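In structure tokens, one chain follows: the form predicted on its own.
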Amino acid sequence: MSYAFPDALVSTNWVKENLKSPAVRIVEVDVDTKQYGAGHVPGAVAFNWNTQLQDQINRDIISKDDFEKLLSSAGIKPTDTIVLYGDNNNWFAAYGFWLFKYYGHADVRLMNGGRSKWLAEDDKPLTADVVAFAKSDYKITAINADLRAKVPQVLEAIATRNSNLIDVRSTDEFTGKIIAPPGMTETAQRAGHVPGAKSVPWAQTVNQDGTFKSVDDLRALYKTAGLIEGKPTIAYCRIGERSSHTWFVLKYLLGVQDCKNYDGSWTEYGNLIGAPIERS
């Protein structure tokens, strides 16, 4: 059985074959933003998840106007095929994918296996050169707000149990043993998880080489966790990047139609006054 939207995922070989295609634009988004400078896919541009994809005053995603300016400065056009990849098995590449889809870009794809798979393959070129692209005039014509969950929707899901809530953090974060992984500065006042959420750590969706598991394996994973088919689904993590990865799996690989990414995630929810929390 194939993925629900197989075109949303491309192989490293596909990327290599399309490096010179003018209609294909490659974007690297890393957790460690220094990775790009150490070598990257030829022709790729880098977007910094912290300073370019998020608002620098309010805690929010980049605004519509700033998204248009960012893509225009990179010479990206609405008709381009966007291929995203990054470190940590595409954590923030998936966040970038979600953001492109939120702002209505038609053709967006992930490179299966991400940066680590590209580096592991001897026939894949690497460069430190940065290509300067002619500026474009990128305009957003539609915003897909239904791809994003906010606090009221999460609280409604808790009260009504009308949605699957998927916590994709580690088991220790879910149970409340730790608030955040070691070295992570974005944190919350309280540890635990959203009441009623199912624990399905994002890492269970990928193989050792970072590529996504098969449809059958993924379906079995979520069935075992108690995901109810046909229900609206909300994924969350700590700051929204790991949940973007799971959102991609659910929506584009398994075909969950009503699937939202709660990008505020635990650093928002775990700081809310009066919000109910479970620990187990």
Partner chain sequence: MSANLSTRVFDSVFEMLPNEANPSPLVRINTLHPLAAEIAAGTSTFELFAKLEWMNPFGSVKDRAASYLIRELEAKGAIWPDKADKKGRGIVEPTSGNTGISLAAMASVKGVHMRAIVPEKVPEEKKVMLRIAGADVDVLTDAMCPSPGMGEGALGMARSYAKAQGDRYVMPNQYENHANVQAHIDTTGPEIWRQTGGKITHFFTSLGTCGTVTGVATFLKAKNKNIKIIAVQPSAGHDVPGIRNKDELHVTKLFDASLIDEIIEVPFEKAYTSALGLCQREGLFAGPSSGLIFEGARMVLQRDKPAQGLGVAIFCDNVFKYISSMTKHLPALAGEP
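Computed from a predicted model, the values in this text were never measured in an experiment. Numbering follows the first chain given and starts at 1.
Below: the form predicted together with the partner chain, not depicted.
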Worksheet item: So which of F67, W49, Y252, Y222 reaches within 4.5 angstroms of the partner chain in the model of the complex, heavy atom to heavy atom?
Response: W49
Practice prompt. Name the residue from T187, S116, T81, S73 that puts a heavy atom within 4.5 Å of the partner chain in the model of the complex.
Written response: S116
Worksheet item: Can you pick the stretch from 102-110, 158-166, 122-130, 135-143 whose heavy atoms fall within 4.5 Å of the partner chain in the model of the complex?
Response: 122-130
Worksheet item: Counting only non-hydrogen atoms and a 4.5 angstroms cut-off, does W98 reach the partner chain in the model of the complex?
Response: no
Discussion item. Residue-level question: is G43 within 4.5 Å of the partner chain in the model of the complex, judged on heavy atoms?
Written reply: no
Discussion item. Residue-level contact is defined here as any heavy atom of the residue lying within 4.5 Å of the partner chain in the model of the complex; does V215 satisfy this criterion?
Written reply: no
Worksheet item: Taking 4.5 angstroms as the cut-off for heavy atoms, does L53 touch the partner chain in the model of the complex?
Response: no
Worksheet item: Would the partner chain be touched by all three of A38, F92 and E241 in the model of the complex, meaning a heavy atom each within 4.5 Å?
Response: yes
Item to complete: Just give me the residues of 54-88, first to last, that have a heavy atom within 4.5 Å of the partner chain in the model of the complex.
Response: D87, N88
